[in-house]
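Listed next as structure tokens is one chain, alone, in the form predicted on its own.
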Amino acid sequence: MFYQSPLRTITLIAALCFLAIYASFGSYFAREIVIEIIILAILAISLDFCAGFGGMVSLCHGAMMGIAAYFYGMMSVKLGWGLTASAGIGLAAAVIFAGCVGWVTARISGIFFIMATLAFGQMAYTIFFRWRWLGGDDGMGGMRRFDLSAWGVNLNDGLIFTFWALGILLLVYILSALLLRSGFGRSLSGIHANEGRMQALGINTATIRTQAMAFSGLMAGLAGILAAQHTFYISPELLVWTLSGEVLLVVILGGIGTLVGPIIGAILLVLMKHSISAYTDYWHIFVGLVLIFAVLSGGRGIFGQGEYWWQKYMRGQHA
């Protein structure tokens, strides 16, 4: 079951403050890095919601993100709809896709679940890769950001858009935490711990798992629309399965089942990638070493291991 401990709250605030300060006092490139971190963190939280608390390790979250981005682009660029309505359609498409994946895979688990989600993601990737009306493998440009000039907000300003993205990240975290603390979240955690016992209690576990995937798709969809507005361009690379694998790496690196861990993992991965790649093309080796350390230290991830040590220390203080 999820607990929003004081340590998690402090870590969340510290991470958001770090990103805000880094963007405020950094260069244009620093803001680009922060937005990349935010998009990856939102996607990682969406995966942690269903994998860390529901035991559903998915390899199609990149597809959820890409579908939202493509429907946003299709409605706004190709059909000329308003941006708010287009974003709503994009989010709805991601939720429907994720819900369908959850419904089909609700009664399987383990490697079979992983492979099924991988198959769904690859099917979505193939569709958009070959859909010439949406640009096919060339992608599609022309995306625009929301017009909030009536409130005196110019999202075309890089720093303001960064803070807008930070606000969405905080909103995603709060909504996820509230849902995990609700009866639904407790049921989801119970299914992860012992699905047979939850079924014996009369809980429809397939429905809970489907709903969890749908909500996860909503969060991934928000990441997709942010990504489209960030670069003003989308391509099938958003849906490729390797992106889902990278998100899974972020969740494991930060700490699966902690909700704040994925934010830490996203910060570490993106900063390591951009820092080390300036000196060598083999930056993956260093990321791999850090991941191996995180796994061998107990499989709790960077934040998860730190939290474990802190709890052990506090128990010793009160012994």
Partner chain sequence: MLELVGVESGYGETLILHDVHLSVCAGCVHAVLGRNGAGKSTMLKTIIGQLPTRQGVIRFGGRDISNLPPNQRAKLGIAYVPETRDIFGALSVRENLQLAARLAPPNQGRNPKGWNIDEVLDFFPQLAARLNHSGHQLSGGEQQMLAIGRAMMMAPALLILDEPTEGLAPLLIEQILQKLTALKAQDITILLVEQNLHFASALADEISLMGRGQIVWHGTAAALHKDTKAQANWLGV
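Only a predicted model underlies this, so the values are computations on that prediction, with no experimental measurement involved. Residue numbers count along the first chain shown, from 1.
Below: the form predicted together with the partner chain, not depicted.
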### Query
Do Leu178 and the partner chain share at least one heavy atom pair within 4.5 Å in the predicted complex?
no
### Task
Find out whether any non-hydrogen atom of Met1 is located within 4.5 angstroms of the partner chain in the predicted complex, and reply yes or no.
yes
### Task
Tell me, yes or no, whether Thr210 is in contact with the partner chain in the predicted complex, where a contact means a heavy atom of each within 4.5 Å.
no
### Distance check, Gly99 to the partner chain in the predicted complex, heavy atom within 4.5 Å
no
### Message
Does the partner chain, in the predicted complex, lie within 4.5 angstroms of each residue among His274, Tyr279 and Ile285, using heavy atoms as the measure?
### Response
no
### Message
Can you work out which of Gln122, Thr231, Ser189, Ser109 has a heavy atom no more than 4.5 Å from the partner chain in the predicted complex?
### Response
Ser189
### Query
Considering the partner chain in the predicted complex, which of Leu171, Ala193, Ala85, Met115 comes within 4.5 Å of it through any heavy atom?
Ala193
### Query
Can you say which of 152 to 160, 89 to 97, 214 to 222, 180 to 188 gets within 4.5 Å of the partner chain in the predicted complex, counting heavy atoms only?
180 to 188
### Message
For the stretch 190 to 217, I need every residue with any heavy atom inside 4.5 Å of the partner chain in the predicted complex, listed N to C.
### Response
Gly190, Ala193, Asn194, Arg197, Met198, Gln199, Ala200, Leu201, Gly202, Ile203, Asn204, Ile208
